[in-house]
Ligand SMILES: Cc1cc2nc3c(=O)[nH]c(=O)nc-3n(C[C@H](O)[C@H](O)[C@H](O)COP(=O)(O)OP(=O)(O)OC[C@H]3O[C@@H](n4cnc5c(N)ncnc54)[C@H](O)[C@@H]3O)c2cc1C
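Just the one chain here, laid out as structure tokens, in the form predicted on its own.
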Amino acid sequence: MSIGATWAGTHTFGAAELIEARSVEEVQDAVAGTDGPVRALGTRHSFTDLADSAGRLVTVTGIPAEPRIDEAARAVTVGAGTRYGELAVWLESQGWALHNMGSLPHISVGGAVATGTHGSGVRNGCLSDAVAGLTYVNVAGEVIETRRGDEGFEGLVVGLGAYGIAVRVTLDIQPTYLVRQDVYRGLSWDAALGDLPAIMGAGYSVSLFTMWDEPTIQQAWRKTRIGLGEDPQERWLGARVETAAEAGLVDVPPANLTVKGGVPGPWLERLPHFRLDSTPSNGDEIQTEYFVALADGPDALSAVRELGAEIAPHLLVSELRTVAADALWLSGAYGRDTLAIHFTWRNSPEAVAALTPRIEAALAPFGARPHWGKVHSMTADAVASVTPRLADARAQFEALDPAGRFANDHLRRLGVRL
């Protein structure tokens, strides 16, 4: 039986069996019906063998979303396999919103939460930080509910599928709001590095795009929340508003991107970079991402720029974003306001494999953490040295799953499971 590959084709799944669950009960049966390894599979947006299993995979994307709003708690509970974009459309129809979105609205709620995926904004936590509750199927096939405030909850949210299969997720929500996107070209590196927190805080959500070997930053996307300090300018710190002819990202058709040009629109149509009804990103790519403290951002970026001439030929584009500090044990932003340094590579595995150790060496002085769902070269010792609560998370996973049925080779390589 061929299960297929990740969305970008970077890993072909080797599990012996795929169960396409249509209900929580079918997930319970799938877990209880085998003594062997079992793992959850979402929308396949990871780039490695993180979601693979030596035995059985169970996908939850076919379970109905069945969103339910608790207005008093300002929360929504939804099926873990639901795509963020689909949830966002439904929330908007009810007059509600999420605090942030990832660049791709195509990713599942459960998968994004479990890997610490994020949007941008110096005051915006990662997507996982909005999780108020989880419902998961444990190793015995039982349905377990856990909520914010429960002991160990912070170790389960960014859980990498290491202790069970999430089937329902409860997220914080807020009243709907409008956002505008203004894109600037020609922002100088001196301006960006001179006051990086101010640059990244110049909107509700800010992204900088670069090829590293350019004299200026290629694009700066300012996503401003209407009624919350929007300040449209034709020129910003020496950068200019892009023209209609320039609109787009490298190798991405402009029609696939959300509306820019300073036109206000609903949050769900501005915070992501890509439209839900289009091809996400480039598709034929490899992604890598590292997290450093925002305070170390200028020095960390300068270190990567030293490798710019070697990086650029193999790169589609790099994106710089920010994530507010949180208390989730395996979050890339645990305990520190964070700069996320992202690389979207051309599909050249050998080149990427040669470059990632060099980038990691350049970023090592800054305690760089890897994105769990993307390609990197860090060893278990290196990951442990930059993840303060890794041992606590591993101990909790081992206690919940002592036989290691939810473990896999990827988690063992990184020291997340034994």
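Just so we're clear, the structure is a prediction, and the values are computed from it rather than from any experiment. Sequential numbering from 1, following the sequence displayed.
Only in words, not in the display: the form predicted together with the ligand, which the text now covers.
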Among 85-93, 262-270, 98-106, 185-193, which stretch has residues with heavy atoms no more than 4.5 Å from the ligand in the predicted bound form?
98-106
4.5 angstroms heavy atom contact with the ligand in the predicted bound form for residue 219
no
Taking heavy atoms only, is residue 50 within 4.5 angstroms of the ligand in the predicted bound form?
yes
Do residue 287 and the ligand come within 4.5 Å of each other in the predicted bound form, heavy atoms counted?
yes
Given that the ligand is not shown alongside this chain, does residue 39 nevertheless sit within 4.5 Å of it in the predicted bound form, heavy atom to heavy atom?
yes
Heavy atom within 4.5 Å of the ligand in the predicted bound form: which of 200, 179, 114, 328 fits that? Just give me the one.
114
Within 4.5 Å of the ligand in the predicted bound form - does that hold for a heavy atom of every one of 24, 56 and 407?
no
Where, within 359-392, is there a heavy atom within 4.5 Å of the ligand in the predicted bound form? Residue list please.
371, 373, 374
